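In structure tokens, one chain follows: the form predicted on its own.
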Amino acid sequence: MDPVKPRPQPRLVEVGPRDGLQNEKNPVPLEAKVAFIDALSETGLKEIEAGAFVNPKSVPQMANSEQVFARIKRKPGVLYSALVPNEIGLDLALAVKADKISVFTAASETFNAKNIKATISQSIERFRPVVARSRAARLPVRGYVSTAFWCPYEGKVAPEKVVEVVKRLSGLGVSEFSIGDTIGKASPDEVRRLLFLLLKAVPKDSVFLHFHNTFGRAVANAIVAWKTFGITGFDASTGGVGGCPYAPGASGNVATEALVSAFKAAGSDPGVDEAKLKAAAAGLFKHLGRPVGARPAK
């Protein structure tokens, strides 16, 4: 009898310092952000989304991303990425030597209009020079696709819409796709339906899944994608911090430590230290004024 082939090792992208903190109303001190990222750098994580170069009036929590990048202790072997909306943001990201550039759109027109005041087509055209310049600088480009399952304004999103957006991003030269369950409503069956179509369009290694845990299904969704389709890329946020300022009802991101624990239990070690993740979360949540994992008061 042939031995059972081991499942591929999960690849985790830590999004807490950007996607996590952007939804916090109370300002987090610069020193706390730097300490959080430095602590995450010691956990075994290979990629950390360290900040965003967006309009500070729209996302005040990201206003000091330049200083964050300047002060963090970059650990060899760890990639530090930045989110940008346009060429102005890209200029700032290049100046601080970000290791990867991320752009963002959605599969829902209404959400995109609320989030970045543009249609999906307009947002993708806006990314064209950003992607071209990033590739010229030999930087990988990630494309976030929000509301890939459900939209807070339009309801259920057809998988075909997601595939269309991903194909258009791929055509620009985007090489990695973060598929977002923005309001945390996706079920394992919906994850299967989308991946069945999506993996006909792009390689599975280019797909990362970004689950929120509003209905407590994020870990189950991740395990289904991993076991059924061999998806290894997952976004997560230490302590489960996060949400989306333009998605009413969105809860926190799936906690990085929860995914690490679940994958270990399922037979694959992502190579990330749970105890160090918990310590990093504890250090951050002191500044958020609530216990680790607790949602902010509404």
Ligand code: HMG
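So that there is no doubt, residue numbering starts at 1 and follows the sequence shown. Keep in mind that this is a model prediction, so the values were computed, not measured.
The form predicted in complex with the ligand is left out here; the points below concern that form.
### Message
Does the ligand, in the model of the complex, lie within 4.5 angstroms of each residue among L30, Q61 and K100, using heavy atoms as the measure?
### Response
Looking in the model of the complex, the three residues L30, Q61 and K100 all stay beyond 4.5 Å of the ligand (heavy atoms).
#### Entry: Single option in S146, S81, S134, N221 placed near the ligand in the model of the complex, where near means a heavy atom within 4.5 Å
Flagged contact: S146.
### Message
Counting any non-hydrogen atom inside 4.5 Å, which residue from K227, R74, K204, R126 sits next to the ligand in the model of the complex?
### Response
It is R126 that has a heavy atom within 4.5 Å of the partner.
### Message
I116 versus the ligand, in the model of the complex: is there a non-hydrogen atom within 4.5 Å?
### Response
Result yes; I116 sits at the interface with the ligand in the model of the complex.
### Task
Please check if A95 has a heavy atom lying within 4.5 Å of any heavy atom of the ligand in the model of the complex.
Output for A95 is no: heavy atoms all beyond 4.5 Å of the ligand.
### Query
Can F104 be called a contact residue for the ligand in the model of the complex at 4.5 Å between heavy atoms?
Yes, F104 lies within 4.5 Å of the ligand in the model of the complex.
### Query
Can you check whether N55 is within 4.5 Å of the ligand in the model of the complex, heavy atom basis?
Yes, N55 is a contact residue.
### Query
Counting only non-hydrogen atoms, which stretch in 189 to 197, 86 to 94, 155 to 163, 169 to 177 is within 4.5 Å of the ligand in the model of the complex?
Residues of 86 to 94 come within 4.5 Å of the partner.
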